[in-house]
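One chain follows as structure tokens, the form predicted alone.
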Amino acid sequence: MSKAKGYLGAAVTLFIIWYALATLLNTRALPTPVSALSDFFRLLPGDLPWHFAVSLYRVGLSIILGVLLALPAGLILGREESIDRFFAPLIFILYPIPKVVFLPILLLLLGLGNLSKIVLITVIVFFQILVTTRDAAREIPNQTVLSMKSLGATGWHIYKHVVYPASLPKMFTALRIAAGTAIAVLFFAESFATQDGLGYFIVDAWSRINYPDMFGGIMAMAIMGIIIYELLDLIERRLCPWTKL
């Protein structure tokens, strides 16, 4: 209930600022919040839900794939020094490169459909989760690991009962950051060479100078971001209950 009140208060504050700017600028390019909400609900029986579903599918699947690939890799790199020494230079070279620059290459290799966009966002999520999880696993005190070994724990038990739960909270922190980046990159990837998704919907409306539709798409993308963040928070509460005490 308190979270709902927080969202309501934030929405009211945002709408007040939005209304003041719309009134001050007095331009069709920035309608009032009431007008934008009215247009948003007008779009719901049309194509907007389809574009929303396509974008949510792309970013959701990319986040899942990125976590499934990066989490075990990060845990292993963080605890196995010999493996980390081999792969760390490669990670340090590739991590700073803006992955969005590979979009034209992916479009040429994988086509204009879902695959190129999903691969791009997966790569972005993968590196952010990988680096954070690796560092979290490296920070686990050796005394904790040695105490588990003294109790007869094998390598698998140490990963399952020590390394994995100790690294999970920081992984979720990185995942929230990665999710925001993923949504931004999704908008960029959908803004050209495609005919579906919220990015396409927003840019197409902008090119037609259809500002009501454009703001409807923007509001839909904001709602998608809230849904993803709330799902991540729910999953973290289930997997890391000790962080919410």
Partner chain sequence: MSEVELREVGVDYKSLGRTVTAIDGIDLKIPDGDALSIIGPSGCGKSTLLYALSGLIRPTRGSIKINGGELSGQRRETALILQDYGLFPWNTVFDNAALGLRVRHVHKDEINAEVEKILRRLGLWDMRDRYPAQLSGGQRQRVAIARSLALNPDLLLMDEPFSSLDALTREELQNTVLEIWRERNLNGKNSSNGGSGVEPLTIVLVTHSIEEAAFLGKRIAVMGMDPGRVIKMVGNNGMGEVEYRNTSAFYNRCAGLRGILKDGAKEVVGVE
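Fair warning: this is a prediction, and the values are worked out from it, not measured in the lab. Residue numbers count along the first chain shown, from 1.
In what follows, reference is made to the form predicted together with its partner chain, a form of this protein that is not presented.
Remark: G6 does not count among the residues lining its partner chain in the predicted bound form, judged by a heavy atom distance of 4.5 Å or less. In the predicted bound form, its partner chain sits beyond 4.5 Å of every heavy atom of L103.
Put simply, H161 is close to its partner chain in the predicted bound form: some heavy atom of it is within 4.5 Å. Although the partner is absent here, G152 is a contact residue: one of its heavy atoms lies within 4.5 angstroms of its partner chain in the predicted bound form.
Only one listed stretch (121 to 129, 67 to 75, 88 to 96, 135 to 143) carries heavy atoms within 4.5 Å of its partner chain in the predicted bound form, and that stretch is 135 to 143.
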